[in-house]
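Next comes just one chain, in structure tokens: the form predicted alone.
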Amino acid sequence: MQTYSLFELNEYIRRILALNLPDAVWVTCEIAQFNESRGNYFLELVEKSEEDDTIIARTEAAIWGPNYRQLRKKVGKKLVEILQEGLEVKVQVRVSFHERYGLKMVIEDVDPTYTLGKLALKRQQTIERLEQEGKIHLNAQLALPIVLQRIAVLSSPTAAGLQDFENQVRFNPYHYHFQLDLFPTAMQGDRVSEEMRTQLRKITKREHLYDAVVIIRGGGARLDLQAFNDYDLCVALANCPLPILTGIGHDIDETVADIVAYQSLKTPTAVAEYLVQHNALFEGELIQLGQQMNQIAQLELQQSTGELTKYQQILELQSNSLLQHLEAEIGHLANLLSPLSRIKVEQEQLSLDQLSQVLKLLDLDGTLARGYSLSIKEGKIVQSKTELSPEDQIEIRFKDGSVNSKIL
């Protein structure tokens, strides 16, 4: 049996690779790890199964410093955006094998269009899936409170736009008060989705304490925004019971998170302006309603004043007419009263005369003068003989005097 030394075997492998892969080749893979050391860059490249995301291939790669600088001049800023953990890339590698250092893939070129295309395809697939599940516009169907004051903020404490957002909100020209509660979370990298979903669950448990959720990032490279295209994160945003406002800080690219949010704005300061203007609009409506109510009240007052003036004039006319009528009636009655009173007085005077004559006839002296006499016993007029007894002393009065007499 033929036996090789380790050096001989490695040399054999090197010659085989040199013969079969003499030139650099293009490889598609995913960056699992990316590190920099002394100007050189070291990557762990993997390929995952399409069925369950298990790793089916893994290898080490490197970009030497001089070659990285050349790639940076060729590709530009996109090189930094592409060479990130979790992104699929298409790289040109030269496979080398050294008897002492083993297998090494040296990256000589990068195709940025492949990565951008993959990301765009993944983004579109996420959008289509959300549309099929009826979640793409779910958050936008929520009712936005007429006043926004209690805001849950999802952002990194060191995010570029967070300070601008807070200053814009707190020092607004209308002096509105806002309650801003920060829920810290990563805003780039592979931790964004998990951390942000964790914070959303916390907010949902206290949804009665907030009016809306704001996502603030502010600036950054285009590929840094890929975390906001994550399906699981976008589902969590869509299902949030509170309206979500995004201010991720980009002018051109629209992430899936922007699409599922209640309102997408370009920058953190734009979100702040949105909150302030939303409340200002409500205040303006209140002022307008107040002015309308004042105008209506003034109009009603004018109409009522006019009505009162009209009724006052009518009342004055009617009262004057009634007064004149009553005065005429009183005058007529006064005219009638004078002759009637005279007649009544004359009638009463006649009655009095008649009564006077009757009284004269009934007067005691007149009666005695007509030949009558009056018997008095013990100071009382005797009206019947039964009142007298023998031996009673009585006084008999005549018109010209009186005599005493004794009853026999």
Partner chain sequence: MKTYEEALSEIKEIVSALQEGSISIDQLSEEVGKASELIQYCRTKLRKTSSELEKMFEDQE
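Residue numbers count along the first chain shown, from 1. Just so we're on the same page, rigid core means the largest C-alpha set that superposes within 1.5 Å between forms. Because the structure is predicted, anything quoted here is derived from the model rather than measured.
One more form of this protein exists, namely the form predicted in complex with its partner chain; it is left out here, but the text below deals with it.
- In the model of the complex, every residue of the candidate spot (S319, L323 and L340) has a heavy atom lying within 4.5 Å of its partner chain.
- Using a 4.5 angstroms threshold between heavy atoms, Q312 counts as touching its partner chain in the model of the complex.
- At a distance threshold of 4.5 angstroms between non-hydrogen atoms, V345 is in contact with its partner chain in the model of the complex.
- With a 4.5 Å cutoff on heavy atoms, L336 counts as touching its partner chain in the model of the complex.
- Looking at G306, you'd find every heavy atom of it more than 4.5 angstroms from its partner chain in the model of the complex.
- Contact with its partner chain in the model of the complex, defined as a heavy atom within 4.5 Å, holds for exactly one of E327, D181, E128, D232, namely E327.
- Checked against its partner chain in the model of the complex, the candidates G284, G102, G331, P157 yield a single residue with a heavy atom inside 4.5 Å, and that residue is G331.
- The stretch that touches its partner chain in the model of the complex, counting heavy atoms within 4.5 Å, is 345 to 353, out of 22 to 30, 63 to 71, 374 to 382, 345 to 353.
- Heavy atoms closer than or equal to 4.5 Å to its partner chain in the model of the complex belong, across 168 to 205, to no residue whatsoever.
- After superposing the rigid core, the Cα of S49 is displaced by less than 2 Å between the shown form and the other one.
- After superposing the rigid core, the C-alpha of I146 moves by less than 2 Å between the shown form and the other one.
- Relative to the superposed core, T113 undergoes a Cα shift smaller than 2 Å between the shown form and the other one.
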